[in-house]
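Consider the single chain below, provided in structure tokens and representing the form predicted alone.
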Amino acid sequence: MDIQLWREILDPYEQAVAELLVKFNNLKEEHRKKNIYSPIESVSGRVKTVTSILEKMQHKNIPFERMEDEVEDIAGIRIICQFVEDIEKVSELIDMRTDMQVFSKKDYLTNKKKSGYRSYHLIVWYTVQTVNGPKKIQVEIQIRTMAMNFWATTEHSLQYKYKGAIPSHVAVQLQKAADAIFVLDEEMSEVRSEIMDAQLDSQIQTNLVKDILTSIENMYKLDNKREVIKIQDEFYRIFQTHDIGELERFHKQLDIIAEGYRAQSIEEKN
């Protein structure tokens, strides 16, 4: 196949990955800005290399004219979660979206592969807009925990090293590691609520501090420096207590004070 033709084929897949990375990262940030626990910890994506595509086509006996239909993972998105329970939540969020349509699911959580591989795969249709009009393409979305991803990354490296023929003694060690990863995920699930509460408290504090500092900065602009310095000192005092409730009360009081400064500034201008 001509090199230029490969570029034309793969460009829409590159576009799809770029767009989906933005969308899933925005979804993660939307949860955090609203002080809601995000089931998405991180997102990455890639388009298969020409070498990987050719190797898969050769392995599965796929002709060139069937490549885009039968190679489902030319475009790939990987979503990493903290807990096993988050995987189902992410899958539900994707099911509800109108900008992509799920048409295939592969559950390697309850039906792990012989190697020990565990993950949850969705194949979705996603439409990109190109100079030649809309193009509907397949994207594979892998959803897994951080522990599962560590194992899968290691296993992938070994598959590459041994050209798919991992020695039996290495395969046994991988299986033991997979069992240990399963136990780790179960143990993390047992303390999930405590971890979620701690992370939400941290996110709430981060958002409060950001809003408070923005308000104080705006007050400086209104030329009330002496009073603002007192307010700033009070903020530092409260911050050192690590009391979120006290920080929330200060934030509300600051909003009232800031509104008074704004009203006073408008009157002086008039």
Ligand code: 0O2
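Fair warning: this is a prediction, and the values are worked out from it, not measured in the lab. We number the residues from 1 along the sequence you see.
Below, we refer to the form predicted together with this ligand, which is not included among the displayed structures.
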Fill in: Of Gln205, Ser44, Ser52, Asn218, the one that lies within 4.5 Å of this ligand in the predicted complex (heavy atoms)
Ser52
Worksheet item: in the predicted complex, which of the listed residues (Lys210, Arg226, Lys60, Arg237) lies with a heavy atom within 4.5 Å of this ligand?
Response: Lys60
Discussion item. Which is the contacting stretch out of 182 to 190, 91 to 99, 127 to 135, 155 to 163, given heavy atoms within 4.5 Å of this ligand in the predicted complex?
Written reply: 155 to 163
Practice prompt. Spell out, yes or no, whether the shortest heavy atom distance between Lys56 and this ligand in the predicted complex is within 4.5 Å.
Written response: yes
Fill in: Heavy atom of Glu140 within 4.5 Å of this ligand in the predicted complex
yes
Worksheet item: Quick one: does Ser115 come within 4.5 Å of this ligand in the predicted complex, counting heavy atoms only?
Response: yes
Worksheet item: Does any heavy atom of Asp73 come within 4.5 Å of a heavy atom of this ligand in the predicted complex?
Response: yes
